[in-house]
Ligand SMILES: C[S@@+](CC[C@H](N)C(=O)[O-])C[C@H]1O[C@@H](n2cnc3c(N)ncnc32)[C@H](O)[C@@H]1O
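Next up: just one chain, as structure tokens, the form predicted alone.
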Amino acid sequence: MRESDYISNTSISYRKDYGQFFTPSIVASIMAKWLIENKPKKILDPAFGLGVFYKEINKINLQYQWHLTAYEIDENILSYLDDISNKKNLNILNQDYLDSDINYYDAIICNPPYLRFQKFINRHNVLPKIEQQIGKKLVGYSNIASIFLIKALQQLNNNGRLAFILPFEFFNTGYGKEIKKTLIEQHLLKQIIIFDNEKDIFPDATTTICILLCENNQLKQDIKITKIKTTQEIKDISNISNYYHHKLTNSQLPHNQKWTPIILSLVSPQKIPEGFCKLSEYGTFKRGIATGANDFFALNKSKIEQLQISDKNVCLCITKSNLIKEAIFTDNELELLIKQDKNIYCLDVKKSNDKTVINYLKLGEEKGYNQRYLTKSRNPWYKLEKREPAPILFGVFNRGRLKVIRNFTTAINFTCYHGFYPNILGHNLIDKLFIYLISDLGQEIIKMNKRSYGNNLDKFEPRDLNNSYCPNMEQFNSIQQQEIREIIKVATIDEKKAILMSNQLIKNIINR
């Protein structure tokens, strides 16, 4: 197995196309040791790669006859397997596992490809076959790794074991509900292993990951939760089944709820303070406007003047996240962006018979903007959904601190931000909500609903934010408006100081 040779001779883009990242041998070792405790004879690896799991099982020197069947779609990677390709107890099939027939195994071990389902070219042919095999509809799945897991669970013999590496985000996704339902109702899930610093342990990973350990023994057992912080910690583990920090009953992991907050509440020092309520009680976060062609709809002042487009057919709009640098966004900052000729406008056609607009739309059609995925589904293709300016903006992608903006302008926003739209209860709490969201406590509680993509990149969907927790009405009402005004005033010139002031204010209302 020549991993270093393969990595040095294969471009990152090629590996990304196949969704490849490699399992460190110390991780593969604890998975392999757990897998073979029941002495399985027929073992499956659906995504063989460079064969690290086979190698680790071989190291254990099993005193019985066993055989591993492997699938690997990438012919190039197989050329690096000259050290193990001729083994008698190994059969490597150079084909797509998802397109294979159903066979049954005593043990399955896998690090599946991390590939967006939309990039899976053969999906339209493969999906119907898998749906027929497993008897379920696969709608809305966004990552091939989850499809690998669904199929593998169907191929597990009675008392068989399965060890799978998966993106941690699947615990929070809509498509994960059916998987979680299967894991819980059939009592398959036995242990979840999460990693505190996956970049140290999985340097190639592009997402935050976890390991699922499952067993098809029909026994209703508590689910063990393990958190691993360092590679040395892994080396010291002799038996992963005995190494855990918490236990949850099946009922404590409802399949129709996000599991990340539940799991992180066990292993994280941060707890939700007493009395806190769902943020959705005060309003709703909504995604920004999805144009389907930002490079066509986003405009700057000079281009508007060049095209002679009327002010009636454009509106002020935050088209990129990095246009806003500070936590307070006012008309002064907006005017500065306009003077800098930034793309701070959006085409908003109200008078389609305007000659200048007709010419610009015709230019867009010549360049094929009207045939893109979103635009071709609209009638007319250039008609955007309506949005009011949101008083609070929240960055979709974040590293470290979450980007929260108090928007005092009339600018709407593209999908780089989610916008908060208050209801009757929340209308008078906008500034207090903002103060909470920039506080350290608010940020940590909101992060409990994040979707992690590795390398400290966190993503939030509107429902992730809406289901987050914040102070209740009584707690918010204990804050004086003068205190809020002072913090917002400070935030315009010194954001760090404003955060410290917010921390103290939120701490005070919790203590009250």
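The term rigid core refers to the most C-alpha atoms you can superpose between the two forms while keeping them within 1.5 Å. When you see a residue number, it is the position in the sequence shown, counting from 1. Nothing here was measured: the structure is a model prediction, and the numbers come from that model.
Form predicted in complex with this ligand: not shown, discussed below.
- Of the heavy atoms in T319, none are within 4.5 Å of this ligand in the model of the complex.
- Proximity of Y71 to this ligand in the model of the complex falls within the 4.5 Å heavy atom cutoff.
- For the chain shown alone, G160 is not a contact residue for this ligand in the model of the complex, no non-hydrogen atom being within 4.5 angstroms.
- Contact annotation for G288: none of its heavy atoms lies within 4.5 Å of this ligand in the model of the complex.
- Exactly one listed residue, out of D431, D96, E326, E281, brings a non-hydrogen atom to within 4.5 Å of this ligand in the model of the complex: D96.
- This chain is displayed alone, yet in the model of the complex one of L299, I77, I201, V404 has a heavy atom within 4.5 Å of this ligand; that residue is I77.
- Looking at this ligand in the model of the complex, residues S146, F170 and L212 place no heavy atom within 4.5 Å of it.
- Across the options 460-468, 439-447, 40-48, 60-68, residues that bring heavy atoms within 4.5 Å of this ligand in the model of the complex belong to 40-48.
- Positional change of N503 between the shown form and the other one stays under 2 Å at the C-alpha, relative to the superposed core.
- With the core held fixed between the shown form and the other one, I73 has its Cα displaced by at least 2 Å.
- Once both forms are fitted on their core, a CA shift of 2 Å or more is seen for S100 between the shown form and the other one.
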